[in-house]
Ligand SMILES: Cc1cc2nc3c(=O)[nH]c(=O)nc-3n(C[C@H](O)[C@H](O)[C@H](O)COP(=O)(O)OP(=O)(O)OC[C@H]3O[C@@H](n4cnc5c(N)ncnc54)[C@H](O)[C@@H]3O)c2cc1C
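We begin with a single chain expressed as structure tokens, specifically the form predicted on its own.
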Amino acid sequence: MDKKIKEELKKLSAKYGGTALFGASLPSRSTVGIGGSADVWYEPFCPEEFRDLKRFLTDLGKRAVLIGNASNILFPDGRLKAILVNLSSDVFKEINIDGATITTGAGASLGSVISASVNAGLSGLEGLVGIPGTVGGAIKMNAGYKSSVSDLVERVLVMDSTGSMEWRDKKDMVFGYRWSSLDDDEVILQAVFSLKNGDKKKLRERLKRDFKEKMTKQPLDKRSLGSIFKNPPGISRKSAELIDMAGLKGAREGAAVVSEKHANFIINEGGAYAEDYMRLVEKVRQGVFEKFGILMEMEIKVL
């Protein structure tokens, strides 16, 4: 990395109290435990620091890559020449409840927001149980399980590449299956969810039941990136069914293995490389294509 950029990042983090790590190891920062290192892992302390960081990088013709829990991102082996930004300070994780409305920072885990809503007797978010990402990432990709994030979000606070911030109502955004109209350079800082009043005891029972059901279907106790492929449009079979019917459960490349519990999950049995993971992804995609003539689209993102 350019020494001048490195020094400027050090000055910026010192000014606001953020953290700039150079040559940061990536496996521990990913739910699948794979990756080499990154030029920079930056954790801004507050929105103002993040704003100044984005403006500095934009002036250089560079951009930050926002990383949440890295629950659907595959880091490469070796050195990643990028500036990765993680909104993990307490400022970005605040959760405030006012009546049936929850306002939360984009860096809060979806699980923590679901727990807070249920404990407050608010219904709606529990249908997203078991999704390991942050609020910002979940909204941007419109994550879902028994419901979708977009069903409940009311508005979001967005920062663009210049550091300007604005509140954007749901009516001004478009959501689809694992997709939203938010640009790559737009970052969600806060989100407001509109929920309904419910019975705490019944909500807790439902949450426990739905999570237990999900545990029986998905290898949530293993290191993975969640669903690898989107469900193909226009057909009744889901990706997991197609992979299973193609005889690919248990297929492996190195320590990367197609889960026996859920065929659309690839787990790291320990020591898997990104190269192993991607070889297995392509093996599965090719196997399904050869048997059914369907080319599956990846849900995960590869840096």
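All residue numbers refer to positions in the sequence shown, first residue = 1. Keep in mind the model is a prediction, meaning the values are calculated, not measured.
Unshown form predicted together with the ligand; subsequent notes refer to it.
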Interface membership of residue 47, the ligand in the predicted complex, 4.5 Å heavy atom rule: no
Contact of residue 144 with the ligand in the predicted complex (heavy atom, 4.5 Å): yes
Close approach of residue 301 to the ligand in the predicted complex, 4.5 Å, heavy atom: yes
In the predicted complex, residue 69 touching the ligand (heavy atom, 4.5 Å): yes
Segment assignment from 195-203, 116-124, 210-218, 95-103: heavy atom within 4.5 Å of the ligand in the predicted complex: 210-218
Neighbours of the ligand in the predicted complex among 220-237 [non-hydrogen atom within 4.5 angstroms]: 220, 224, 225, 226
